[in-house]
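One chain follows as structure tokens, the form predicted alone.
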Amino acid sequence: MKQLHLGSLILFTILLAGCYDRTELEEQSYVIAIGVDLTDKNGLYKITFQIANPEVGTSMTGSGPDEPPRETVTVEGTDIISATATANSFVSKELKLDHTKVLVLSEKFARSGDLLRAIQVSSRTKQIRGGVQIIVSKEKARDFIDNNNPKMETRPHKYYQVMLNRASEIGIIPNTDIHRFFQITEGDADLFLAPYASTEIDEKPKENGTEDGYIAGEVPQEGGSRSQFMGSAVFKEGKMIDVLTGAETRIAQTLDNTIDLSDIYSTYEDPVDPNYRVAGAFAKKQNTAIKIDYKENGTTKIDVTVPFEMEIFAIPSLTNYSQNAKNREKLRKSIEDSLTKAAEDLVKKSQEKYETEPFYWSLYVRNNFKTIQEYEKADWNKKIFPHADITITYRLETLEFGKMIDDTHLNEVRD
């Protein structure tokens, strides 16, 4: 009997020992955003941590009425993980990175070519999830994080999540994360696109008549948060080389089958009355058809067809498109031609300026090679894509006009 009690005591002792390294929740700090900026020293970076106060904005008791929803600290470090250890020397609670939502990179840092050196650790450690979203800020990352002061959302983790999800759903920024960055960069064949953002709004904003022909900082606005998410930063081989507008970013995503798109709300020139633009929802419910006829000693031909549907919900010119077959066909052709022209311009820029593409088309040429070595020798970036003969076609399969058959007639209300 004594042996039984002794055995039970030893068993319980072993089970309880499994909690020896547990950290209580109130002893942890949750980092929501990480920012990276350059310093004057090679290999040393300014790492910023935005720490959320989980009790603010909830029904939990115990938080004081004047407690801020977030705290921001900056330290110097060679990488994110070592900087976390440094920050823990003066932050009372242990910093935890497993709830991090965004990694903010200043444009200056992203263009320096040091990105891989600073974030390579994220692919090795369990502390940073592969789903952390990358953002490139026009200004310093610390300034961008400090200036993010949303009016309608006090909890920073919810703000980043909602803002990025909504902007990516309508196509004006790409939906990309650390995992995709390493996937594309290590593949050494395609361009990586990251959301471009800024809290520094131009005093004289650009006026171009469309809702998506901007990059962050150029969008005309009055009131609201100063944070603008528009366009994408272009990365080649781990280094930022350019910025695409919101319109170019939308086109790039319609040509990429690895990205899920919901309805994209945009405007198009009214073909009957060019003084106005019609507005509608672009929906791609089928994959883009990408056919590559690879020629080892000749010009490779790439044929791309984008099937899509369109629902028109605003016709400011009040032109009868829904019931007039001739006008409807004009609108159909005008939208198809507009999208095709925009795609052709982006593909031309990709061939001539970037010498590779942000559409992940390299996936479709790989089945022409038996080994990775053969594929690498063929060189998609320098030999195949830049010299390829590419045909783009946008095919509007369904054109709808919402729940109203006809619009208001001006000659009937203005007599």
Partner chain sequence: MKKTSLKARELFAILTITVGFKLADTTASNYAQEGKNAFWLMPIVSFLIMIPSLLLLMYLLKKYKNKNLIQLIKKILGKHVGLFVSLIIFLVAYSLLIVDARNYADQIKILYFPESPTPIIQMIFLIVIFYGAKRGLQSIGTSTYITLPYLKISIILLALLIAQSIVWLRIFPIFGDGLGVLLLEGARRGSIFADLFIVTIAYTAFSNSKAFSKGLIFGSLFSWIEITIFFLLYTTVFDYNSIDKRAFLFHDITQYVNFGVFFTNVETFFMVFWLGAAFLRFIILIYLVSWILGETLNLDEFEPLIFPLTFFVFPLSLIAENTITNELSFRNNLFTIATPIFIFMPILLWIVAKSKGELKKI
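Residue numbers count along the first chain shown, from 1. A quick note: this is a predicted structure, and the numbers were derived from the prediction, not measured.
One more form of this protein should be noted, the form predicted together with its partner chain, which is absent from this view; the next part is about it.
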None of Gly130, Gly113, Gly298, Pro220 but one has a heavy atom within 4.5 Å of its partner chain in the model of the complex; the exception is Gly130
Option touching its partner chain, based on a heavy atom within 4.5 Å in the model of the complex, out of Thr258, Asn275, Asn324, Ser262:
Thr258
Exactly one listed stretch (340-348, 315-323, 139-147, 176-184) reaches within 4.5 angstroms of its partner chain in the model of the complex by non-hydrogen atoms, and it is 176-184
Should the three residues Thr78, Glu352 and Lys383 be counted as contacting its partner chain in the model of the complex, with contact defined as a heavy atom within 4.5 Å for each?
no
Test of understanding: in the model of the complex, would Thr39 fall inside 4.5 Å of its partner chain by heavy atoms?
no
If you check in the model of the complex, is Asp98 within 4.5 Å of its partner chain, heavy atoms only?
yes
With heavy atoms only and a cut-off of 4.5 Å, decide whether Asp379 touches its partner chain in the model of the complex.
no
Would Tyr360 sit within 4.5 Å of its partner chain in the model of the complex, counting heavy atoms only?
yes
Could you list which residues of 364-384 come within 4.5 Å of its partner chain in the model of the complex, counting heavy atoms only?
Tyr364, Arg366, Asn367, Phe369, Lys370, Thr371, Ile372, Gln373, Tyr375, Glu376
